[in-house]
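Coming up is one lone chain in structure tokens, specifically the form predicted on its own.
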């Protein structure tokens, strides 16, 4: 199976910030407590303001909630189409004519803590696109996308890295 060459317009995106957007709501205790309750996380750092003041100079969100603050709600007033997280990923599937894709690796690097009241914004950066590869899934390309998260003071609070494999399934043999 032959894949199309990577269009120059796509290679030009490597290293470029795309889809900078602010989360739809500030970081707040309700989301934190609901998330902690759903996984039975009783860490007093997230429940007790005195403990948080002593350890982290005030309440923080669990680091694992980093992407929560930029995930768009499916619907919001004035939006005409549903919002899609990781839009750059879906763009690549279309631009490279690779209809299927999986995330094969995900890593998160934490920086400054996310605090109550922060307004988190994110931006997506395409880091690389591989040469064609064939796996058990099909023939396609790997790409690496990073999502950088910053607070309202432009402090980096974390970076999430996704390695995806976009592919075409092998043709059925009759």
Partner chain sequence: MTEQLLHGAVSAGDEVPPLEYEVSATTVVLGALASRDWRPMHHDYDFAVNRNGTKDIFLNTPNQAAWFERFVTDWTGPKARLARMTFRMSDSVYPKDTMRFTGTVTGTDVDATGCGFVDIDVQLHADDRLCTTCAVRIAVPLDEADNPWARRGEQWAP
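Positions refer to the first chain, counted from 1. No experiment lies behind these values; they were computed from the predicted model shown.
As for the form predicted in complex with the partner chain, it is not shown, yet the points below apply to it.
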*Given that the partner is absent here, does residue 72 sit within 4.5 Å of the partner chain in the predicted complex, heavy atoms only?*
yes
_Against the partner chain in the predicted complex, would residue 105 count as a contact residue? Criterion: heavy atoms within 4.5 Å._
yes
*Is the gap between residue 68 and the partner chain in the predicted complex 4.5 Å or less for some heavy atom pair?*
yes
*Touches the partner chain in the predicted complex: residue 45 (any heavy atom, 4.5 Å)*: yes
*Looking at 63, 132, 138, 117, which is the one with a non-hydrogen atom within 4.5 Å of the partner chain in the predicted complex?*
63
*Counting only non-hydrogen atoms and a 4.5 Å cut-off, give the residues of 3-32 close to the partner chain in the predicted complex.*
25, 31
